[in-house]
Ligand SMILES: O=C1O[C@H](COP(=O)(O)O)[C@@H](O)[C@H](O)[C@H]1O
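The chain below stands alone, shown as structure tokens; this is the form predicted alone.
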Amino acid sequence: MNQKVYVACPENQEIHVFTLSTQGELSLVQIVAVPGQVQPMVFSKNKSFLYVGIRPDFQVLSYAIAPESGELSFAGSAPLLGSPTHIAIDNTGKYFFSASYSFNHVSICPISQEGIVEAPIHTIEGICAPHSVNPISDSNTILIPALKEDKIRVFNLANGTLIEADTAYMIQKGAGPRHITFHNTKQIGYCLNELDSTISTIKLPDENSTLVDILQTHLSVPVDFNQTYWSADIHITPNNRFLYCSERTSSLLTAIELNSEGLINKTIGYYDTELQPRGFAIDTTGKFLICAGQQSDKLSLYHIDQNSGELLHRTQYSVGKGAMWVLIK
């Protein structure tokens, strides 16, 4: 069955909806006009809704997803207290999180039984430049990278409230922790640091221990990189074998090999990609990677070599202006 691809295009206030064939071909099926600059997007827990954050009138919009075509239909909206930088859903599917980098807070909104995100019920203030909200699968633990603190703060979710733990991951000074992806064992995470383009491999807290630890620090760009570090996005393949991240100044994608324990083994290679690759996604089969160019207004589709993890560029597609967020279901 064809997968569905959703691309946020804030500069012309649109979401572009594609189908992705099993052969790795994209076909445009819908362009949705959005009442604002659409930026972060996330699926509901059952993937029957798409939630999007918009500005400058800070809101979260709920769109129902048609089961067969993947087309979107507007279902509701709710106000947010600050510009949404990254959004997420808790493991129960009952709560929606919005990190606001510029407003230094994270908001929690309930999700109605009908699947619509409602107005915030709780806000955590005083997180300096929170860049993402990352619920650990099958857990009440939430990791929030505070970019200007060089710290990943740890919270527990209880009845729609985030309660901060006594421990936090301290990242090297000037790293700027940004986005996190998780190994499927739920024991290891990978934090991409925006300001020094490193990846911090972290041991996750579990029900038996609140201890947190950084296991590795790996440079995600070439050692002779002499430009301003500006890393953006990070994702892992479903089989846990390969890790990919993007860097915007050089417009690079980096492929990394993981060992059987989830530790970084080596860098596979560096690949030129779309201009300013703020967002990309890996499909559910782990065979394709789709990268958006925030300044090229294009998508590049890559085939992931299942043995080596190398990227093979397949096709380029036109998309809306400022393309920056990609989701695949």
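Don't overthink the numbering: it's just position in the shown sequence, from 1. Because the structure is predicted, anything quoted here is derived from the model rather than measured.
Not pictured, yet referred to below: the form predicted in complex with this ligand.
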Label the site open or blocked after overlaying this ligand from its pose in the predicted bound form onto the shown form by the C-alphas around the site (blocked when 3+ ligand atoms sit within 2.4 Å of backbone or C-beta).
-> open
Should Q39 be counted as a contact of this ligand in the predicted bound form, where contact means heavy atoms within 4.5 Å?
-> yes
Tell me, yes or no, whether F155 is in contact with this ligand in the predicted bound form, where a contact means a heavy atom of each within 4.5 Å.
-> no
Heavy atom to heavy atom, is Y101 within 4.5 Å of this ligand in the predicted bound form?
-> yes
Is there a heavy atom of K287 no more than 4.5 Å from a heavy atom of this ligand in the predicted bound form?
-> no
Candidate site R55, H131 and R178: all three near this ligand in the predicted bound form by heavy atom within 4.5 Å = yes
Of T85, T254, S200, S107, the one that lies within 4.5 Å of this ligand in the predicted bound form (heavy atoms) = T85
So which of H183, R241, H218, R248 reaches within 4.5 angstroms of this ligand in the predicted bound form, heavy atom to heavy atom?
-> R248
Judged by heavy atom distances of 4.5 Å or less, which residues of 272-289 approach this ligand in the predicted bound form?
-> R278
